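Shown next as structure tokens: one chain only, the form predicted alone.
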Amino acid sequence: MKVKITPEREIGKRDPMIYGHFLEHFHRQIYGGIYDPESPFADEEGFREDVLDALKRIRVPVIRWPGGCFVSAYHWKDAVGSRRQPFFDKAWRVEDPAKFGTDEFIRFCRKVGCEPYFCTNAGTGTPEEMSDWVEYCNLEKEGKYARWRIANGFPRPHKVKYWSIGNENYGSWEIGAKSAEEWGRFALESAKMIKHVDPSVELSAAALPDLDWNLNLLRHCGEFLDWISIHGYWDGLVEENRWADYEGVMAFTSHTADSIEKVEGLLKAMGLEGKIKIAFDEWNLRSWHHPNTFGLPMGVTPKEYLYPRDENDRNETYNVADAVFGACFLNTCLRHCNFVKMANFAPAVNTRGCIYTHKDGIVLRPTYYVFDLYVNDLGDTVVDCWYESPRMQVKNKEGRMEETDVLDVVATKKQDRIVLAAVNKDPEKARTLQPEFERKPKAYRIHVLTGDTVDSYNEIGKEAVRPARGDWQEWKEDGLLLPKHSVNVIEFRFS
């Protein structure tokens, strides 16, 4: 397949925050995940150093916390200071020990080297409670909450820049769900109080690709918002952990842009292009498995609703298909880089995360290495590339046939280099990519992420999916062979 690259035609700048991550108080993401004082890998503050090192390697730019559904009944004051008591988490129906709260999350982010992104309680919470949290984090010494932070050992403000009003408050599953009209008014009052405390913060609010919801939100408080938050999980596994096979996942890759394009269109129509950005602040191929938790009838015993969550720990669930999908989603963000300025993989650790912790170390799942390649090797400027991909027939998860492109290619500039992200979705055949440049490159190298089969995965003591990093070679215009079911990052040097 020929791909014509025109470096002079710049599409836009990628924001590094599209490589963000997310953490929620669910299953083993926090306790036993990033925070585990009893682990031999824990540092003096209880954070797992092996996890920290892995996150630093992929230069995580921003982490959204503490939810997720958890936040809609979470009162931040319960997990601050020395007089904490365990509380019952009404979303996930477990007791939270309250040992990890605002200050611990800030410490964690500082160790990772990333920006904290706080999601506020718009379920059982109030605009005042949200603004109190901003006082605690951002005011220097004014008011009782800033002084409380100082008394807790943090004389300098945390300076949290990014805040979200609520999480999925449009959903019947969410505690404190609201109608579109209710949401617009509530978001307005919340935004006003937050901005009265710190006008410099950047605000997002929960949304989805729904015209009525978004119009109510943007008409009421669009002038206060810097972001609009949307979420996406394509392979629904909430009640039944029957994950899509490789073909089914390839069908999903044709729909990574659906919600982005709908929200883009609305922002353009309302004259908000360039003013409000898209934060795709929860995304993953596969949704989390938590049966009998929200829908009726609910599970009564832990065996019915709690223990099944351990199914999320099965590493065979996360295979080459996850890596290929993840690359296709990030390619979509790059193509829409003028609107999508943040994206948060959900979650970073355990559950469906790209890092899995166990008592003897960690497993880096295939999607982790997609982030490794994209963060560390792609360029910051997205440039024009034109190609016509061959198409292939795939059977989606419902058993219906769909068509999808075989190849997914994005071109970027990195100093004096052109760097391509090229995905070959074909499960059976390698495909040839023939790049065409106006100026001939002198050398190239290719980094390939794949496995022996589409079902290859990484497990304790076995890493079957890992990038093979190539060496520089002279460019002879023979074309590049992209292995079957692979993610490829190709660098071209011109001097």
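Nothing here was measured: the structure is a model prediction, and the numbers come from that model. One-based numbering along the sequence shown.
Same protein, other form: the form predicted together with a small molecule, not shown, and the subject of what follows.
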**OP:** Considering the small molecule in the predicted bound form, find the one stretch among 160-168, 201-209, 97-105, 133-141 with heavy atoms no farther than 4.5 Å from it.
**Re:** 160-168
**OP:** Consider the chain as shown here, without its partner, and state which of Trp213, Phe118, Trp92, Phe252 has a heavy atom within 4.5 Å of the small molecule in the predicted bound form.
**Re:** Trp92
Original post:
Of Lys341, His231, Lys178, Arg365, which residue is found within 4.5 angstroms of the small molecule in the predicted bound form when only non-hydrogen atoms are counted?
Top reply: His231
Original post:
Is Trp173 close enough to the small molecule in the predicted bound form to count, meaning some heavy atom within 4.5 Å?
Top reply: yes
Subject >> Residue contact check: Cys69 to the small molecule in the predicted bound form, 4.5 Å heavy atom >> reply: yes
Subject >> 4.5 angstroms heavy atom contact with the small molecule in the predicted bound form for Glu282 >> reply: yes
Original post:
Can Phe294 be called a contact residue for the small molecule in the predicted bound form at 4.5 Å between heavy atoms?
Top reply: yes
